[in-house]
Every structure is written in structure tokens, then in C-alpha cells.
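Look below for two forms of one protein chain, each set out as C-alpha cells: first structure 1, then structure 2.
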Structure 1
Amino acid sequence: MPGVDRVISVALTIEQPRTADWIAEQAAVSPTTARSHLERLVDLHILSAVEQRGAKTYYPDAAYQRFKEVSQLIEEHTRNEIETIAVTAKEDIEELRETYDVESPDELRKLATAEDTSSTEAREYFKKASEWDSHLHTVSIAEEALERYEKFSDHYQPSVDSAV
């Protein structure tokens, strides 16, 4: 795999901002090479960069990541499958809401830190709140995929200007 592909692969999978040196080491390229590729990815809005304590760090651009998730969902699923994914995630949210008698993952997290909550219950509440967040994210991505399905699916044909 070429160095640029290794840099992209590492940079798009990091979960927290990382320096060019760290990404270079993971991608097995020189820091100079990594920096060059990373700056190009920032220019293309695939990555974002921020200065932290005198070091520039890189992380996946949130807008790019969201677009990538939406387009991947459209590419890999039919409209009916995406609808099923959204409905299933909504059902899971409803079940969490009913099971814990709260309206949001944040309310569940508040229960976890309540004085009379045991450590076992707290772990469960935090875990379920995280699952709830994940289901909310799934619903959001599925809804956007459904909105854009016709335009981004394989059967979309852009209009051709007859004057060309």
C-alpha cells in the first residue's frame, strides 16, 4: 500500500486528534511525508487540524465523516433496508425510554451519578446511555440517507445538457 494510502487509512480511523509524528509512525512513513499528505487532506476538508500546546494535531473532519456515513449507507442498502434500520433504531430508543423511565440518554447518565445508585447500576446506565446515543446517531444518518437516496443511489442519472 502506498504511503499516502497508509496515511489516509490511519488519519481517518483516529478517535482523537493526533500529531503528524504519531500518524507517521503508525503509517510507517517519514514525518515530512505524513505532514505533506495531512495538509493536503486538510485542504480537501477530509481532515481538520488544530494547534494544541504548540503541536498541530489532525483528526477526521466531522462533516466529511457524516457525508461518508450517509453515502456508505446508501451504497450498501436499498431504500427499504434503510427504512428498516431507522425503525429498528427508533424501537430500541423507545425500549430504553420505557425500561429506564427517562426521556434522554443524558437523563440516564444523571441516574448513573445519583447518590443512591449502586456501582453496578451506574455501569449499566452509562452503557445504555451510550447505546442510546448510538441509536440516535443511526436514526439521524438513516434519515439523511433517505432524504438523499434518490440523488446519491446508483440509479441516479444527472441531467444531461443537450447543448453540450
Structure 2
Amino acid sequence: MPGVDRVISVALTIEQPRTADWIAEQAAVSPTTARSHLERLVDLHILSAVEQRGAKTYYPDAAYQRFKEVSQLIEEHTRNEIETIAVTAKEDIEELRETYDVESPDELRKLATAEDTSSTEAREYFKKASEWDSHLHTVSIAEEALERYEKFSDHYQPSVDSAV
């Protein structure tokens, strides 16, 4: 895989802002190469840059990522399908809440580290907490997609005239 793809791969999946040197090491490219790719991605608003303790750090641009996810959902699904996606995710969250008798993914993670929890249970709780996070994210993206559906779908549909 080319270096630029590895830099993108690392930069878009980090869990907190990271320096160009850190990203360079993970992506197996030189710091100079990483910095040049990262600056280009900042210019394109795919990444954001922030100064932390005197060092420049990079992280995925939240507005861009969200816009991309909402747009993708609208392009790939009908309004009814998006409604189903949102409802299913909400049902899955409700089931997790009832099954584990907790109110949030973080509460479930706390349960995983409790003293009387076995390692089997801990593994399950960590998995389910991560799934819960995903469902919450799906609900929020799907709801925004529904709000913007009409506007975007008009934009993506070819006009009747162009079909001639």
C-alpha cells in the first residue's frame, strides 16, 4: 500500500490528536513525508490540526466526517430504509439496556472491571459496550440523514430531462 494511503489510514482512525512523528511511525513513512501528506489533508478539511503543549497534532475533522457519513447514508438508502436503520438501532440499544440493566455503554464498561466479574463476562461486556456506542452513533447519523433527506436526495437524483 502506498505511503499516502497508510498515512490516511492511520490519521483517520486515531483515537486522539497525534503528532506527525507519531503518525509517521505508525504508517512506516518518514516524518517529513507524513507532515506533507497531513498538511494536504488539513487543506482539504479532511483533518484538523491543533497545537497541544507546543506540538502540532492532527485528528479527523469532525464536521467533514459527519457530513460524509450522512451523505453516504442518503446516497445508499431510501428514506424508509434509513428509518428502519434508526428504529433497529434504537431497539438494539433498548435490548442492551434491559439485558445488562445499565443505562450507558460506560456503565457496562464499569461492570466489566468489577471485582466479581469473570473474564468471560468482561469480554462480553466490552464487546457489547462498543456495539452500544456504534448503535448510538448510527441513531444520530440516521436522524440527521432523515432531517436532511429531502434536500440531499433532490440533489443526487438525475433530472427527468437528462434521461432522454
Partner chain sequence: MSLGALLADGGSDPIGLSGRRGRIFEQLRINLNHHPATETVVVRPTRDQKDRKLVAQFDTQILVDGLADADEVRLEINWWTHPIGTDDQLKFHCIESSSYDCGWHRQPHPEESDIPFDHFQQRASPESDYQY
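Predicted, not measured: the structure shown is a model, and the values here were computed from it. If you superpose the two forms and keep the largest set of C-alpha atoms that fall within 1.5 Å, you have the rigid core. Structure 1 provides the reference sequence; residues are numbered from 1 along it.
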Which of the two structures shown, 1 or 2, corresponds to the form predicted together with the partner chain?
-> 2
Hinge of the chain between structures 1 and 2, where one rigid part gives way to the other, from E51, E94, Y64, S30 | Y64
Give me the angle, in whole degrees, that the smaller rigid part turns through against the larger one between structures 1 and 2.
-> 29
Let me know the CA shift of L41 between structures 1 and 2 in Å, rounded to one decimal, core fitted.
-> 2.8
Once the two forms are fitted on their rigid core, how many angstrom does the CA of I14 move between structures 1 and 2?
-> 7.1
